[in-house]
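As structure tokens, one chain now follows by itself in the form predicted on its own.
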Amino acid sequence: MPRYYLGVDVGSVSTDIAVLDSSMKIVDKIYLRTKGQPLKVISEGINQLQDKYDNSEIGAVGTTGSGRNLAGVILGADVIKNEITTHAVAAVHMIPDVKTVLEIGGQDSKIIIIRDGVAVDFAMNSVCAAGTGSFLDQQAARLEIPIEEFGEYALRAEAPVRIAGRCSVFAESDMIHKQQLGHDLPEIIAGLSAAMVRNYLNNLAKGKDIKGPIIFQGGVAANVGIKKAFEDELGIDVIVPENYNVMGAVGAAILAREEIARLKRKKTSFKGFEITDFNFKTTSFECDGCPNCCEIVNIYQDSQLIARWGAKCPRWEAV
């Protein structure tokens, strides 16, 4: 009898896995650095669950994130959804009357406006590194401060300095300039936190109807300095849920369960924890069939081609 539902969020910085029980309570979660090797990290995560759960206990599997299609093929996902949908579903699951979701991950950031439990507006920034977790990681490393303590430094500031936050290059240059002027690190880090939040609100959230309750999720939600900067700018409490760093995976698991129920399927498509025994490989080539020059991506399980995507026409649909 299925007892658990699996959600997998494969991002460019982290790969998150959440296991939910039949009451949609999180019973297990895994956070791994992707390190540019999603195939290896997915297998590593599934391998960690292999000794805890039996295949027959898994009722459904959902995938999300920038690597959602790859993860979906490898795992045999029942549903594959984008990050906006899964983060919104998870937020509503945690706080049913949530109206705004602020999400900042390793390489992108999002804002989702929710009304009556439904996402009605959103924006996503996946181009600029300013204001993302990877930029904070870089600055923490440069200042030789553990990233886990970065936010605490900001809270110690008595008079934060102003940092230019529209561009990561300018922000770093400005931070170095303020260091050379003799400002203390807490003042500089608090200034950086405020700059990141101003950049987020003035660009990504521009024109959005931000109302409470507000949830802040994604890896950067662990940074108490950024949370305080949001609260200072918005003038309202910001809620960081307990499982802020695996919300996408949680949403994917919930949607997978709903998909199985909607289709009245009795069995999941999950390939089983034995997928860690297989060798997966990705290859690609440029199609020369027309001026589009599509990059065609092939996914192999051992020597068998199991998926292909990237074409703008049906030429390569057959697998």
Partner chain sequence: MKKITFPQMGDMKIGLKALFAELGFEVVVPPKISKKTLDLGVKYGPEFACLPLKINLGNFIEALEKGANVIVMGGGCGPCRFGYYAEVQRAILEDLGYCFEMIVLEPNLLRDYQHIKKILGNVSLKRLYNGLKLALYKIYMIDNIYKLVLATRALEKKKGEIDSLYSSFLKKIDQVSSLKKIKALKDEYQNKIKENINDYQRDERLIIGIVGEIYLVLEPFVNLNIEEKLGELGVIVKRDIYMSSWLSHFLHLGNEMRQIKKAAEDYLDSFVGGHGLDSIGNTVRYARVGYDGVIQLAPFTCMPEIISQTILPSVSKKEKIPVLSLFFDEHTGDAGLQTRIEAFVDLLMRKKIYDGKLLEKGINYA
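Residue numbers count along the first chain shown, from 1. Only the largest set of C-alpha atoms that superpose within 1.5 Å between the two forms is called the rigid core. Not measured: the values here are computed from a predicted model.
We do not show the form predicted in complex with the partner chain, though everything after this point is about it.
S.K.: Tell me, please, which stretch of 189-197, 231-239, 116-124, 151-159 lies within 4.5 angstroms of the partner chain in the model of the complex when heavy atoms are compared?
M.R.: The contacting stretch is 116-124.
S.K.: Indicate whether the partner chain has at least one heavy atom within 4.5 Å of a heavy atom of Glu83 in the model of the complex.
M.R.: Answer yes; at least one heavy atom of Glu83 falls within 4.5 Å of the partner chain in the model of the complex.
S.K.: Contact between Asn292 and the partner chain in the model of the complex at 4.5 Å, heavy atoms?
M.R.: The answer is yes: Asn292 has a heavy atom within 4.5 Å of the partner chain.
S.K.: I'd like to check something about Ile46: if you look in the model of the complex, is any of its heavy atoms closer than or equal to 4.5 Å to a heavy atom of the partner chain?
M.R.: Output for Ile46 is no: heavy atoms all beyond 4.5 Å of the partner chain.
S.K.: In the model of the complex, is there a heavy atom of the partner chain that lies within 4.5 Å of any heavy atom of Lys266, even though the partner is absent here?
M.R.: Answer no; every heavy atom of Lys266 is more than 4.5 Å from the partner chain in the model of the complex.
S.K.: Leu255, Val41, Leu70, Ile58: which sits within 4.5 Å of the partner chain in the model of the complex by any heavy atom?
M.R.: Here the answer is residue option Leu255.
S.K.: Find the only residue in Val98, Val89, Ile74, Met175 having a heavy atom within 4.5 Å of the partner chain in the model of the complex.
M.R.: Exactly one listed residue reaches within 4.5 Å, namely Val89.
S.K.: Hey, does Asn292 budge by 2 Å or more at the Cα between this form and the one not shown once the core is superposed?
M.R.: True for Asn292: a C-alpha shift of 2 Å or more.
S.K.: After fitting the rigid core, is the C-alpha of Val13 off by 2 Å or more between this form and the one not shown?
M.R.: Superposed on the core, Val13 moves its C-alpha less than 2 Å between this form and the one not shown.
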